[in-house]
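This document opens with one chain alone, in structure tokens, the form predicted on its own.
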């Protein structure tokens, strides 16, 4: 067992085969007063320092402006939320750092600089640095005196990060590693003081050719070291105020004590830090989405057509409601996963594990959920900004209106932290690998489902009592659909399944929708227990509409997968099973959406 307390007993990916009681999920309404004060500080910073200067930030010719804004964020403590208190930070728990990422996610280019510094730039030292490295670098990184960047990607190594060609060679006196190589797409590259650089150590051999490590190592490289040069900032589609560079290391001498963790451990560092980056990117996208909705609702209230505010038209209400319910659902699932990570961290620490090791183990355990939320959050943001442009109509296409920047800035999020295609395949790959290792019993439930589709359906009425009984049965059946499809695909392709990327992505889409739909149902169930059903009637409508849409998406993804490999009787049988597992009682979705939209229109903003 990885945990002793019931709240921490669920393992990563287990949502697909196990039901979670509403009492065991965290919901955003449970954030403490202190946490909400931190969120308010972040929002006030955006209102005062960032939003009034968005044009200036995007048009800046040098990185000084964004760097100075990072200084101001450091003065407020926004750069040190994940740094332990002993090194000058606040040492907040994971979900609090998620909350900071969400609110600051509405900061456009600034949020990219902030997240690169606090996340992939600082956390490798937090989690993998030794005492000397932490003492030397973390206080300055927490305060903002030093800024950080992360140098992993190369011209020929993007998703295949471990194929990087940057080399590190130990000097004859054993005191330095000499780095040679090129890195690209380096956020904060132009003003960073510290670079986390990934390279493969190359070792000379007597009488023979040198040998290069198979795996990357990681190094802490200071800007002042000789041999570092860089290109001018990249010209990008969006996030134009974010300083992005190519950086070159030419015989750059790095002290041996700046090797981060162990030799050859760089790829593991990169993967684990990216897990954190993924889920935080997902929740940051939700923060950006909420601000887009605020703009869209306000504009819809003000824009008159046919002597009527366009907010009163059904087509616009549909858009506003869809934007809101997708954001609400994604936010819910993100914090559910964040709390699972926090719970496991605390459980492992109680068992005697060191703090940093416990955090890494917990993040590794929920890497599946991190990938899920990266995909979902970034695609919700893309949906929201696209519909935001549409609500604005012609003005949405104008650079003088806020949707222009929102639309362009959003697009990178489906590429950052691993493309959404890679993350989809990772979801399924990690599920199957855990099943093969015996860490996750997928095959037992999958075999049970295959037997069930050959049996006569059970039409008896449920005797269960409680909230969302029918809806929870729908979720259980959606899980059966995913297990049926994935189990059949594994049997069909065995070790060659990794070559069937289209099918992997279909299965991932099923898993993603199941996780989010279940999460939002559990949130509303818990809320009803706290506030009563009448007080959260709109949230209930959002959960039900989302579930109906999830059923359609699971059915579509399942059908695409099944028809890709099944034939004859197997095809007919699986399609019948899919139909059985993707049934839901119809409801008036139009009226539900109108109620959601009307509530926001009345308040002039996103209210959930």
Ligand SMILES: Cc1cc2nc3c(=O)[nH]c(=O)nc-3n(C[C@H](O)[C@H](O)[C@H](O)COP(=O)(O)OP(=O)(O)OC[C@H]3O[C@@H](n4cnc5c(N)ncnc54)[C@H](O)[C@@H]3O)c2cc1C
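Because the structure is predicted, anything quoted here is derived from the model rather than measured. Residue numbers count along the first chain shown, from 1.
What comes next is about the form predicted together with the ligand, which is not displayed.
The ligand in the predicted complex comes within 4.5 Å of no heavy atom belonging to residue 493. Under a 4.5 angstroms non-hydrogen atom cutoff, the ligand in the predicted complex lacks residue 407 among its neighbouring residues. Residue contact with the ligand in the predicted complex: residue 258 places no heavy atom within 4.5 Å of it. Although the partner is absent here, residue 239 lies within 4.5 Å of the ligand in the predicted complex, judged by heavy atoms. Note that among 413-421, 292-300, 438-446, 511-519, the stretch whose heavy atoms approach the ligand to within 4.5 Å in the predicted complex is 413-421. Contact with the ligand in the predicted complex, defined as a heavy atom within 4.5 Å, holds for exactly one of 91, 158, 139, 264, namely 158.
Contact with the ligand in the predicted complex, defined as a heavy atom within 4.5 Å, holds for exactly one of 83, 220, 152, 527, namely 152.
Contacts between 489-505 and the ligand, taken as any heavy atom within 4.5 Å in the predicted complex, involve only 501.
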